[in-house]
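As C-alpha cells, one chain now follows by itself in the form predicted alone.
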C-alpha cells in the first residue's frame, strides 16, 4: 500500500469501487486497495459519499493549507476498540505519578535521539550539556517542570543548526515561521505528526489521551507525545540531508516580510524524501529481522499498550544507527 500526495486542485470522488482524481485536463484513477493514506496540499472538492467510502476502506485523509501548514485530518471511525485499554489510558493520565513516569520516557527518548544527531557530528560540548539535562529528568516533580527541561535541551540543540546547515535560523518560530529552516521544521513536524496519528489509529489506543502534552479539545495529543521521539530521527536528519546535499535551495521557499513557507516544488522534494526515509529498512536488534523505519512507530505504540496494561515497562525507541 502507498501514500498518495495531491498537489493539483481538482475533485476527488468515488467512482464505482475505486477513487478518481479529476483535474482540469485529466482524470486519474487510483485503485483504492493500493492506498495507505492521502495528503492534500491543494484545494480539493469532495463529498460525504467519498468520505463514507474512505471510512469503509479505513483510509485517512490529511489536509494542508495554502502555506503548507497542517489543517487537520479525516479519520475513519475507530475500528480497533478496547474499553479496557481506554480505562487504563485514563487511569494513567489521572494518576499524576503514572502520568509523569510516561511523560519522562517520551522526553528521555527524544533527548537521546537529539543527542545522537549531535554526537555523530562531534558536538561534544552540547552533548555534555544534554547529558546534564537528561540527568534532571528523573528529578522533575511536574509536567511543567519536565517541559521546561525539554525546552532548554531543544534550545541548546537548535543553537547548532546554523552551523550544521549553513542557513540562518536564530530561534524557533512557528506561527508563522520566520525563515526557511523554521518553515522546514514546522512542515516536517506536521508530517511526522500525521504518520504517528495514522499508526495510533491502527491500534486500540485513544489518540486524545496523552501524558506529556495536555489533552485538549480538537487535537490528538497522544500523537504529539509519540512524535517527539521520532522527529529527531525522521525529520531533523532529513532536513540536514536535504540542505547539505543542496536538494533544497532558496528558490524552494516563498519569502514575505512576516513569514516564509515552502513552495509546491519544495514540498514535493520534502515529501518524496520523507516517504523514502519511512520505507527504508533496518535490522532490528531485538527482533533480529529487517523492518521498515515507519514500523518503528507501530512497535513503540505496542510497547506503550503493554505498559498501560501492566505487562512491561515502556521504553521508547532510541536510535542506535
Partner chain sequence: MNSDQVTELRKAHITGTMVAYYFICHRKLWLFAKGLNLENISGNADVIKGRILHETRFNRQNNKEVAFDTVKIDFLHYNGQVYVHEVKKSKKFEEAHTWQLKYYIYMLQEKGVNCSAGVIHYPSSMRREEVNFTPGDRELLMKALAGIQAVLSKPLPEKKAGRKMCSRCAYFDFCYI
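Since this is a predicted model, take the numbers as computed values, not measurements. Numbering follows the first chain given and starts at 1.
The discussion below concerns the form predicted together with the partner chain, not included here.
Region of this chain that lies against the partner chain in the predicted complex, out of 279-287, 23-31, 262-270, 37-45 [heavy atom, 4.5 Å]: Flagged stretch: 279-287.
Within 4.5 Å of the partner chain in the predicted complex, all of 146, 151 and 222 (non-hydrogen atom): No, the whole trio is out of contact, none within 4.5 Å by any heavy atom.
Residue among 174, 241, 202, 120 with a heavy atom within 4.5 Å of the partner chain in the predicted complex: Going through each option in turn, the one that passes is 202.
Non-hydrogen atom contact residue 306 with the partner chain in the predicted complex at 4.5 angstroms: Yes - in the predicted complex, heavy atoms of residue 306 and the partner chain come within 4.5 Å of each other.
4.5 angstroms heavy atom contact with the partner chain in the predicted complex for residue 311: Yes.
Partner contact for residue 82 in the predicted complex: the partner chain, 4.5 angstroms, heavy atom: Yes, residue 82 lies within 4.5 Å of the partner chain in the predicted complex.
The partner chain contact in the predicted complex: residue 298, any heavy atom under 4.5 Å: Yes - in the predicted complex, heavy atoms of residue 298 and the partner chain come within 4.5 Å of each other.
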